[in-house]
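Just one chain follows, in the form predicted alone, and it is written as C-alpha cells.
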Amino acid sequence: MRAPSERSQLALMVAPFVVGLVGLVLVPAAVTVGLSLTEYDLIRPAHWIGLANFTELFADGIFRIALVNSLVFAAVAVPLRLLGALALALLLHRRALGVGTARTAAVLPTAVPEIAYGLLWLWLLNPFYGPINLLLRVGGENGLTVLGRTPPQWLTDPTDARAAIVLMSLFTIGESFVVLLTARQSLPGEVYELAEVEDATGWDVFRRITLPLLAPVLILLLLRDTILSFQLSFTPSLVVTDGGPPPYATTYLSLFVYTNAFEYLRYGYAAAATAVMLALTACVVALQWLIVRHYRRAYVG
C-alpha cells in the first residue's frame, strides 16, 4: 500500500479546522449578512428591503449609544485585563508554597458559568448589603466611606454601572493568565542569570528582557481580547444592569442585538447590527495580521 504523501497528511490535519471554520463562522456570517438585507420576524416570510436596515441603524440613537459604549468598554477593559493577566503571570511563575492554589484561584472565575457569575456580582454590587460597599464603608461614618464620600451606586449611577461591568471583566482573565504564565516559563533562564550577574534591577529586567520577549504573545492577546470584548459585556449588562441605568448606560452592541432579535422580533434589524459587529471584528483581525507581519519582518526576517 502506498504511503500518503506529505501534502495529503497536511490536508487531513487541516480538514477539521476548515470544516469548523466554514460551518461555524463563514456560513453563519453569510446567513447574517443575508438576513440584514431583509425584514424578518420569524412569523412572516423574510421580505427583501436592501440597505434599509443599515440606514435605520445608523440613524438610531440607541445603536450609536451602544456602539460608543462597546468601544469605550474595549478601550478600558482590554488593557486592564491584559495588565492583570501579565501581573499575575509574573507574580506566580515561580514555584513556591501556595502558588498552585493561587493559580487555581486566578483561573477559577473564568470557569464559572456566565449566568452564575453575573448573579454573584449582582449580590456583590448591591448598594445596601453588598460586600463591596460594606467593605468600602469600613472606617466611615453615617454610611460614607473613610474618605467621607458616598459609596459607588453600582446599579443606579451610569458611570458607576459602566465601571461595574469593567470590574466584572477583570476577574475572567484565566485564559490570558495561563497563556502568559506558559510563555513566561518558557523564556530562557540563562538570560535572567546573566542579568543577575550584571546586577540589573528588577525594572530593567522587565523592561529590557521580559517585556520584549513576551511582546508577540501580548500583542496577540490584546487583539484577541479586543475581538472578544463585544461578547464579554453581554451577560453582565443583561443580568446585572439590564442595559441601564437610563439612558442606556450599559447597553452594548451584543445586548442591542439580543433585545431587537428576541424581544422585538426584528431579526433583520438585529442581523444588520451583527453585521456591523462582524465588520469591526474584521478590522481588528486585519490589524492583527499587519502587526504580526511587521513583527516577523522586523525581528524574525
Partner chain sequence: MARTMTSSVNVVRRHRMLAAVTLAALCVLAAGCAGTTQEGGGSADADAVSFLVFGDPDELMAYRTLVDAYEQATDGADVALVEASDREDLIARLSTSIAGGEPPDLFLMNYRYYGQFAAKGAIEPMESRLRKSSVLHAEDFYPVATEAFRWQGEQLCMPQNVSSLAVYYNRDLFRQYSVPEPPDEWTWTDLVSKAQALTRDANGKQVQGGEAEGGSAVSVYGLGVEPTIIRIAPLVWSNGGEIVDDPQHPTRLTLDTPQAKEVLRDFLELRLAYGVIPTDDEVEAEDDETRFANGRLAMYLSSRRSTTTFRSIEDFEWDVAPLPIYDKPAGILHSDAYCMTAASQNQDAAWAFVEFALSAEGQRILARTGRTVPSNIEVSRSQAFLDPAQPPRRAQVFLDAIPTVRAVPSISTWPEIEDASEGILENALYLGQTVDEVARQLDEATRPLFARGESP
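Positions refer to the first chain, counted from 1. Everything numeric in this text was worked out from a predicted model, so none of it was measured.
Beyond the structure shown, there is the form predicted in complex with its partner chain, which is absent from this document and is the topic of what follows.
S.K.: Report yes if all three of Leu88, His93 and Glu198 come within 4.5 Å of its partner chain in the model of the complex by some heavy atom, otherwise no.
M.R.: No: none of Leu88, His93 and Glu198 comes within 4.5 Å of its partner chain in the model of the complex.
S.K.: Given that its partner chain is not shown alongside this chain, does His294 nevertheless sit within 4.5 Å of it in the model of the complex, heavy atom to heavy atom?
M.R.: So His294 does not count as contacting its partner chain.
S.K.: Can you work out whether His47 and its partner chain are in contact in the model of the complex, taking contact to mean some heavy atom pair no more than 4.5 Å apart?
M.R.: No.
S.K.: Verify the contact flag for Pro247: yes if a non-hydrogen atom of it lies within 4.5 Å of a non-hydrogen atom of its partner chain in the model of the complex, no if not.
M.R.: It does: once its partner chain is placed as it appears in the model of the complex, Pro247 has a heavy atom within 4.5 Å of it.
S.K.: Leu265: heavy atom within 4.5 Å of its partner chain in the model of the complex?
M.R.: Residue-level check for Leu265: yes, a contact with its partner chain.
S.K.: The chain here is shown without its partner chain. Which stretch in 228-236, 265-273, 28-36, 64-72 comes within 4.5 angstroms of it in the model of the complex, by heavy atom distance?
M.R.: Heavy-atom contact with the partner occurs in 265-273.
S.K.: Just one of Leu221, Ala106, Ile132, Leu155 has a heavy atom within 4.5 Å of its partner chain in the model of the complex. Which one?
M.R.: By the 4.5 Å criterion, the partner-contacting residue is Leu155.
S.K.: From the list Thr110, Gln185, Asn126, Thr145, which entry has a heavy atom within 4.5 Å of its partner chain in the model of the complex?
M.R.: For this set of options, the contacting one is Asn126.
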